[in-house]
Ligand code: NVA
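Quick heads-up: it's one chain on its own, the form predicted alone, in structure tokens.
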Amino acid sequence: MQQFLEIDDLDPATLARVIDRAMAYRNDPSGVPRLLAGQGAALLFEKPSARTRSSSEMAIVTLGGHPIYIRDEEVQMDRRESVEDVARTLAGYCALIAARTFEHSTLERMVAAVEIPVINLLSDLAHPCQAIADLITLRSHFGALDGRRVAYVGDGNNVAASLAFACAFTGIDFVLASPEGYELPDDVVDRVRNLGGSVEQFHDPYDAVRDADAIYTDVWTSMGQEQESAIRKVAFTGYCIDETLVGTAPDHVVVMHCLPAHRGEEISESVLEGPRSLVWTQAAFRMDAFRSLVVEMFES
């Protein structure tokens, strides 16, 4: 498998295998293969990150490889040299390239330029490694995924899109509550439904969480959208995951957030730190998700 740019680069059986393997590695780290021994992995970051960098570096280390963290200012893609030239150079030293980019097209250009695997660590359109960690978190907590219902309250952004695809492959009903103008793009909804997934969209978050097994949220303003921050704070008023909203969901509901969290905006302090929160478990599973995916790419 040369690329993993979005969840639907996999299929349901492959995704299930990635999840199973990730959980096995978490339970028994001695089973993690050293398949990257003596090899490098280029981790290219146009955007900074805490969880993505830490989890991907540690995943590569546990697989026996050497992670090479590269900041945007060091390569200046399409300024100092082209995306293609950077990718070809890195492919001469490394067994894989994983990149966190502003534009999804940057990843597509890398895939076209090299023959080694390319993994999306985040783009403007997708955050698929996060979605795998989310599924592992839900599976670890609930057991079976089929028939569960996830209510995403917030912006229909890259995180929401990847999670919707992941839900489609695992039999989870996906529900989004967002202000008008911040829904999932129509093409994403169409793709999810063409994969057999269920997508419902609401403007009222209380309608969305009423039958939810999990409530999920993300920041209202992502990196690169800072100029929209004031407008978004107004638009998303009433979309905070707080005790009142959580209290209208079923008693067994859990709360998830991909982090970083803006406490008091998209999620309250009491919910984030409360007994329903799976946020820190979710963050920890990022490493397991990434290394299981890497194994899949090299052994498939």
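Numbers follow the displayed sequence, beginning with 1. Since this is a predicted model, take the numbers as computed values, not measurements.
Keep in mind the form predicted in complex with the named molecule is missing from the figure; the text below concerns it.
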For the interface check, one of 152 to 160, 178 to 186, 165 to 173, 109 to 117 should have non-hydrogen atoms within 4.5 Å of the named molecule in the predicted bound form; which one? 152 to 160
Would you classify Met256 as touching the named molecule in the predicted bound form, given a 4.5 Å non-hydrogen atom cut-off? no
Would Ser222 count as a contact of the named molecule in the predicted bound form, using a 4.5 angstroms cut-off between non-hydrogen atoms? yes
Close approach of Pro260 to the named molecule in the predicted bound form, 4.5 Å, heavy atom: yes
Given that the named molecule is not shown alongside this chain, does Leu122 nevertheless sit within 4.5 Å of it in the predicted bound form, heavy atom to heavy atom? yes
